[in-house]
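What follows is one chain in structure tokens, specifically the form predicted on its own.
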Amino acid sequence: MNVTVVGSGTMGNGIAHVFAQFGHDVWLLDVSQERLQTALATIEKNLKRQAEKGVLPAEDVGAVLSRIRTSTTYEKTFLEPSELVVEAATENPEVKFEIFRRLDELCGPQCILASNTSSISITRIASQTRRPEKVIGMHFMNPVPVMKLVEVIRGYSTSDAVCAQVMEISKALNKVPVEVRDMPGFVANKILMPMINEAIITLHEGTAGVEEIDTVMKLGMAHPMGPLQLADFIGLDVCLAILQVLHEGFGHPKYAPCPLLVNMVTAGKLGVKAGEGFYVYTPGSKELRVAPTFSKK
């Protein structure tokens, strides 16, 4: 299958990795060559890690990489023959709408247009195209090469045939697809984000500290990672964007983002990618230290 992935960030490079690993020819598209080179280096590192763990034969690393080609421009030469495009750009409706308008114009009529959106309505995205029946959500989990789940989100007009095809494509990637309705946050983030927000509110109110909150959830609820560390891993800006979609979509105050989260995003404390969120992250170090703002005096 000819696949195009739009966006080479954490999710995009993971999606390209998985499709190439399972034999598909992939075009990876982003706005700069620098971002694409970073993405390819990340994919190579993750493939080598899989080889070290015995998940992938070492001799397959080069073959997988050779299936991924890159571009900084939307070209009809590779978009027109694409059978599937997966958009994995920033969680901003207007950015996604513009991408889908361009894809609809350049891709062939056979092409399914999928979005990896965490929360934005597939029906709204599909309305930007002349093929709403071929627009669908494929919400992969992070890290994509490891996590099994794919939320398959049907828009209002998504056809049965397209939904069935995407479910089969997901299974062929060794994933477990779950079909869900097009509602704000779908299933994963409609449940997860209020929990993360409540953990931030608990910290903001002074009920407990960062480590204490995460320890309660890890040991008491058997979560592999506490909600504040998970928020750092997802990106606090992404968490805020999803909560804003939930708040706007449902109009219920329970989805209102905690003021502390808003302030942290405004201050640029976005989590792992910024080097600081609720914890401090040092490149090359696995030590987890609570950020100075939240450390005990």
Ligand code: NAD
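All residue numbers are counted from 1 along the displayed sequence. What you see is a predicted model; the values in this text were computed from it and never measured.
Here the subject shifts to the form predicted in complex with the ligand, a form of this protein not shown in this document.
- None of 106-114, 213-221, 90-98, 200-208 except one has non-hydrogen atoms within 4.5 angstroms of the ligand in the predicted complex; the exception is 90-98.
- Candidate site formed by 155, 158 and 182: none of these residues places a non-hydrogen atom within 4.5 angstroms of the ligand in the predicted complex.
- Mapping the unseen interface onto this chain, residue 118 counts among the residues with a heavy atom inside 4.5 Å of the ligand in the predicted complex.
- Although the partner is absent here, residue 237 sits far enough away that none of its heavy atoms falls within 4.5 Å of the ligand in the predicted complex.
- By the criterion of a heavy atom within 4.5 Å, residue 246 is excluded from the residues contacting the ligand in the predicted complex.
- Using a 4.5 Å cutoff between non-hydrogen atoms, residue 8 counts as a contact of the ligand in the predicted complex.
- Shown without its partner, this chain lists 264, 29, 26, 43 as candidates; in the predicted complex, only 29 has a non-hydrogen atom within 4.5 angstroms of the ligand.
- Contact residues in stretch 118-141 (any heavy atom within 4.5 Å of the ligand, taken in the predicted complex) are 118, 139, 140.
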